[in-house]
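Subsequent text provides structure tokens for two forms of one protein chain, presented individually as structure 1 and structure 2.
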Structure 1
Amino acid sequence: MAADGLHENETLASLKSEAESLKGKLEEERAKLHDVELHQVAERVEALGQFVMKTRRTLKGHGNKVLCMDWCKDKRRLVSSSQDGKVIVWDSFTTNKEHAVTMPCTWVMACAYAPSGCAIACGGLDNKCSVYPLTFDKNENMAAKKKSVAMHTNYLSACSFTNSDMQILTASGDGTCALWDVESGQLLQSFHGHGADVLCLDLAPSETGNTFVSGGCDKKAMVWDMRSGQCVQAFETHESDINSVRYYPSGDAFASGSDDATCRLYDLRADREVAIYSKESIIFGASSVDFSLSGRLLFAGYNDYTINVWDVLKGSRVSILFGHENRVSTLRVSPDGTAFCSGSWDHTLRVWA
């Protein structure tokens, strides 16, 4: 060992202090770039007018808490997963159920629609991510065609297909994220850096998107390079678990929702937090966030059963939506931006427009 002469405690202490001083220097450099607040820049922007959103569809069929949902690229179908072990594919226009799978475990915390619309992925307390192909054969046995793709050492908290059906990205309670090949089930890349459970992830929106962001119980949001497996940026300003992360439509920023009852906006080019969306009266955690297609609105689902709509630029709340009878657990804007869907512990999903 290089530091034989030093006592172990001394080396650790000196390294710790060195790390702290470097952290301080980094913060100073970051502060130099911090010239003006987002809401000050936005003062000249016109305020948003009154807008009304209502529940247009209610999807009923789960026997327990809805935990996750995802839209199909066709802007019509969606998949949801629940604590009852069921994964259901819905037609959001007619509210009909098109497919249903019963998973071997309860608490199916993650589900995702493949870009082609021909498969779904899901998982949860089974520590696995399974892919099911969807066909229109009424007598098909979906469970027989199930393919186990990802294996973690703790629960699966989130999953997402990359830009093709061939690769899937997973986040887990074991503190890692991983990229898998769907066909072979091979691990292509793993992402280590979170100090606790990873709860959420989101892929950068670009076609060449080689980065994704993850958030977790260590209060950190981390941006990763998918090719190298390295963390390229990290943000640690939340005061509690980060439950949801979502890229801004341009890919230059992302929002996060946390148990500290705030949502925050991070600018990747300025490498810092640029806005906090909070109010004194909001004391419950935000479980899920998503942007409108233009990026002007941020929809956030909360544990107090409400959905708050924030003006991203001005930082003010423009609307509050009531309807769910238990905490809102998941929320996604449809691919064409005309509606969004929320899932709740009240066993239902609602489509708003």
Structure 2
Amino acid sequence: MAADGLHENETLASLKSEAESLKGKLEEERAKLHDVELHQVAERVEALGQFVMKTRRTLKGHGNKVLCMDWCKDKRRLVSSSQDGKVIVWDSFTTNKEHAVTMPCTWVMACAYAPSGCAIACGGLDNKCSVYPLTFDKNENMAAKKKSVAMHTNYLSACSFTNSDMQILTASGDGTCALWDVESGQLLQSFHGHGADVLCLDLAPSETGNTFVSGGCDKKAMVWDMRSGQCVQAFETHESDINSVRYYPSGDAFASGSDDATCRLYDLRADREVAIYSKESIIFGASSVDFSLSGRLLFAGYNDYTINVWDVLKGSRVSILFGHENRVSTLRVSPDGTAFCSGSWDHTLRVWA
């Protein structure tokens, strides 16, 4: 065992130092083409006027912390999940609850609406991602038709359907992401590379390729090729866990929100961080981020109960929204950009416009 140990240690040490040296070279290459700062170019753009956004709907019904939410493509329905194990589907325009299911586990950290609007997916401490078809038959028990799709070896932190109801992408505390076939539960591809829990993911609005970005407790944001399972780009500039990642609407960049109290913008073509959204007065972590439809605004929910609205181009804060009475844990702009929804540890969801 002693002889094997030495051999292993040599390979390990040389790999480690090779990685360090490659990282240094990569930083040099990235710096070469960085000829101007974003806020400098943005000086040509008109400043944004006064911003008035208010809570237009408050969704009450969860018995504990709201952990995740997702919009339906119909622009008004949404699904939310909570620490008490409940998953609720709402028509948020009328605030009516349309479906509710109680999961066998607590801490349902992830939920997603299927593109067809006919199913939802959710999971959390059960280490699984399950799909529930939505039925309008009042006599039918939603839990009866439950289908277990994904199986991880640690908690499920995020899930998303791809372009159809037939495939689901998951992120887990086991440090991996995975792509699953919904019908059979078959693992289609797994994504290894994060050095700690993966907390979030987002699919690229890509033309011809298929990529997605993930963020984790290793402070890294990684972009993956869904076909090969390989990491194509990685960014390591945050100083703490990355809680949320979201693509810029053109697909050329993505934003991240982190426990280091900053949000950042990374450009995929420039292959570097291009903006930091932060203020000395903001000291609590950002839990969730999303862009307005044109990508000019970045909405970010924080652990200090507030939502900050950032001018993506100029880098300044445009507005601060108060209302939640505990941490904001999840935030998504609606599919047609008319509003955004925030979920909080105060047990409620709010729709803002």
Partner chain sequence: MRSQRLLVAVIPHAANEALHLGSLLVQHGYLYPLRDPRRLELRPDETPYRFQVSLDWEQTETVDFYRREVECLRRALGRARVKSSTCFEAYLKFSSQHGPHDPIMSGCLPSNPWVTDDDAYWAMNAPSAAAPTRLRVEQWAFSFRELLEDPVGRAHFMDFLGKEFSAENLSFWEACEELRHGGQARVPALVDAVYQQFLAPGAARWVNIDSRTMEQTLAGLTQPHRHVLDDAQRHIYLLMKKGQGMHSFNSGLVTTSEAFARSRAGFGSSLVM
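Just so it is clear, the model here is predicted, and its values are computed rather than measured. C-alpha atoms forming the largest set that superposes within 1.5 Å between two forms make up the rigid core. Residue indices: 1-based, along structure 1.
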* Structure fact -> Answer check: the form predicted alone matches structure 1
* **Rigid core fit then Asp336 CA moved by 2 Å or more between structures 1 and 2** => no
* Asked: Following alignment on the rigid core, what Cα displacement (Å) is computed for Leu22 between structures 1 and 2?
  -> 2.6
